[in-house]
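One chain follows as C-alpha cells, the form predicted on its own.
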C-alpha cells in the first residue's frame, strides 16, 4: 500500500475546463502547471486528471484514440511529463484517468479489428460471427463493418468494448473465456499503457468503469481476478503507484480486486445519495438538507460494514462531486455545502475535491450537450478565477463551454478572502486533516446517531465531530466534551448534551 495515500487529499481537474493558457478557449496542461500553486494552497497534495489522451471527444476524452499520446489541444507528451515533474517538486502526486473497458471507434486497434482480414486485433473487441447475430441482451452496433459481424459497445455507439472475455458462455461461439490468449492480450495491452505513463512519472490511475471488463460476470469474480493481477504488477514494479476504482462496491473493489481506493458514488438511494442528494428535487430527503427528512441510519447501515471490512486493505473515497453528476449547488444552499465539506474532509478514507466546488460553482442546467456531456455538461463548465474576461478562464472570445453569466457568480478572487465563504471552510478543514493524525486515512471510527433524527456525531481518535444539518436548533446527547478545535455556526456543551445552532458543525479535541 503506498504510504502517501494516508495523508492524500485529491483535487479532480477536468482539463478542458480548468485554465486556458493559450487563448484557444480550451483548458490545457500548461494551464494546469500555472495553477499548481493554487492547488497546493487548497491543501490538496494529489490530483486526479480526467482523460488527456488523443481522442475525437465524442465522450469528453473517455473515447480514447491513442492511449500513449496527449491530445494536441492539451499539449504534448513532453508537457505532461513537465506537469509530473513540476507537481512532484511541490509534493503533489498525479493520477491519470485509465479507460480500460472501451476505446474510440477511431482507435487503430479497432480500425484493424473491423476489417475482414484476420489480424492480431480481430479479437481485441467483441464481435459476433455474423451480422444476423445480435443478441438483444447486448448493446450491439450492426452492419457497419467490412467484416461479417456486429460489435458490442459499452454505452455510446462510438465506444466499442474491449474483449476481456465472458465469465459465463451462453451458447455463442464468439464468446471467449477470460483465459483465452486474445483476452489475455487485451489485459497485457492495458498493462503496457499503464507502464508507459508510470515510467514517465504518473503516480497511478483512476480507473473508469472498473467493474465492466469481463461480460456475463454478475459477481465480478473474473473482472476482480484481472485487477488483482494488475495490482500484483504494481506491487512488484511500481510499489508507490496507486489505483482508485469507479466501482462503488468496496468489498469487491478493495478486498477482491486489489484496488487501493474505491469511490463512494452517487447511486440513487445508496448511502452517498441519502446524505447529499436523495429525493426529487435532488435533495429534499437528503440528510444535509436544512428542511430534510433524511435518514442517517440508511447511510450508516450501508457504509459502516463496508468500512470495517475494508479499512485494513484500502480506502473508501468520498468526493464533493465529480464530472458525471450535477454539482451539489443544484440542490443545497451554501451553509449545507459548508457542512458537507466538513464531513467529507474529516471522515476516513481518501477525499476528493472536484474543481470549483471549493468556491461553490453552480450547476448550469439546460446547456446544450458538449462532447457527450448531455445532462453532465452543466457540471463541466470553465473554472471561475476572477472578474476578468470569461471569469479568468480564457482570454479567447468563445470558450468551448459558457462561463457562469450570473451577477453573483462565485470566483476564486471573490471567495478566497471572504471569511464566510465555502472556500474558507474547505481550506480550513483540509488543513486540520493534515495537522491531526486522527483525521488521516483509516483508523478508529465511532459513528453515533439516534434513529429517526438527523443530527449525529462521530469520533476519530481524540477528535469528535458534531453535525446539525437542520435549519433549526438541535440537541445531541453525548458523553464527550473537550476543547473546541473548529466550528461552523455555534454549539454549547453542558450536562452530557451539546446544543447546536441551525446548520452547525463543531470539532472538539478530548
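Just so we're clear, the structure is a prediction, and the values are computed from it rather than from any experiment. Residue numbers count along the first chain shown, from 1.
Note that the form predicted in complex with a small molecule isn't included here; everything after this is about it.
- The partner is not drawn, yet in the predicted bound form one stretch among 80-88, 137-145, 204-212, 161-169 has residues with heavy atoms inside 4.5 Å of the small molecule: 204-212.
- Within this chain, residue 380 lines the site of the small molecule in the predicted bound form, having a heavy atom no more than 4.5 Å away.
- Though the partner is left out of this view, residue 467 does not reach within 4.5 Å of the small molecule in the predicted bound form, counting heavy atoms only.
- Contact annotation: residue 324 falls within 4.5 Å of the small molecule in the predicted bound form, judged by heavy atom distances.
- The small molecule is not shown here, and in the predicted bound form it never comes within 4.5 Å of any heavy atom of residue 285.
- Each of 59, 62 and 376 places at least one heavy atom within 4.5 Å of the small molecule in the predicted bound form.
- In summary, among the residues 174, 196, 238, 155, the only one with a non-hydrogen atom within 4.5 Å of the small molecule in the predicted bound form is 155.
- In terms of contact with the small molecule in the predicted bound form, the residue from 217, 105, 246, 295 that brings a heavy atom within 4.5 Å is 246.
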